[in-house]
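Let's start with one chain on its own, the form predicted on its own, as structure tokens.
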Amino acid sequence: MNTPIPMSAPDLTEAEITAVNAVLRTSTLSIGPQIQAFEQAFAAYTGTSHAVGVNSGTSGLHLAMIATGVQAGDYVITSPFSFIASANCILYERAIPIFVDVDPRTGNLDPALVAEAADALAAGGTAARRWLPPRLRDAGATGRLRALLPVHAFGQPADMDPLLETARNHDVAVIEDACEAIGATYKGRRAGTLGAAGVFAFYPNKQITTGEGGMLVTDYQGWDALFRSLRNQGRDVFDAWLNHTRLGYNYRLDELSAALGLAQIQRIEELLAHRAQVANWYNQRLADVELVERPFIAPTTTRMSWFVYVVRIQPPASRDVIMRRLADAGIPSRPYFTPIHLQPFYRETFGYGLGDFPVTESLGEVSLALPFSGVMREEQVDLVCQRLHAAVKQC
């Protein structure tokens, strides 16, 4: 096979090209009918009252933090096993991410540990100290828990019911990072719709793409209006031109991106089915490959939304060695994820180090994302699996 296998690729048709070209023939490239139509279609798909388009999932998470009322020094419980944006959005409001380790099977937040952390933070004092970042443990931090931010990693919903119970017990908001999980369901309920707000993302490797872009969903009328103001430089609907009610941001989703998103959301079931088929090919071919553990699907996950296909390379094999061997064989692969607390910025700022979150660190050492997209062909999956098998057999 002479054509290189890409790590990921968008699933685009003539419908998307036609939709974007149609916008280019108009005089409206921002704040027009395409974003309105995309938001309406997205709200209908998720079954929520409101959907608000923004220019990235990161922007959506930031606005959700503002809506919770999080302030400087407040605490937000979240996962260290995620893309860094789910923690950075907390820092944007000068609040403190409180990391809690994850379930070793799913890589999502461990609900029992979240409940323990929430109780300790509410109690304060010595009980809370264990859960604070190392550099804050002796600094007299006196924040209060403001929100939970679970991440639906790799398209699999976190175990939401106990997380929602913990949030109710402590009267805090739940913001779902569903950036990787459009279409996923938890006990028959759509991921991203179970908390106060959910955030989706549409980067080119996602299940649907707008190039760059994201979407907030909520059933709160007040939050809908707030999100729309914040994304547009703080202007409210009743503000005169260039009048601004609050501090805002330029987080708008443009018309070209919205048109692409609208065409994609109209194909959402087709797109998800394509990705599920590719994941099924992988599952079949890797069923008996020693030292390669396939993705675990929790019983509470009534629909997996395949964002990436991540295997775990078990000892004595080394994930990094396997990755190099695959690269030598012409197959791209990636580590998924590098734990957030071990990223240089978080080490330097908060004093984190090895051993702080052992489950997350273990997953970070063994997880390997294989080439994956809805447009992969069966023979490409065959080739990836053959070369992965050959790489592992050398161990």
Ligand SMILES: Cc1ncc(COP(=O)(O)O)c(C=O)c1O
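No experiment lies behind these values; they were computed from the predicted model shown. Residue numbers run from 1 along the displayed sequence.
There is another form of this protein, the form predicted together with this ligand, and it is not shown here; the text below is about that form.
Screening 198-206, 72-80, 253-261, 133-141 for residues having heavy atoms within 4.5 Å of this ligand in the model of the complex returns a single hit, 198-206. Interface residue among Thr58, Ser333, Thr48, Thr360, judged by heavy atoms within 4.5 Å of this ligand in the model of the complex: Thr58. Only one of the listed residues (Leu148, Val151, Ile182, Leu216) places a non-hydrogen atom within 4.5 angstroms of this ligand in the model of the complex, and that residue is Val151. Residue contact check for Ala85: one or more of its heavy atoms lie within 4.5 Å of this ligand in the model of the complex.
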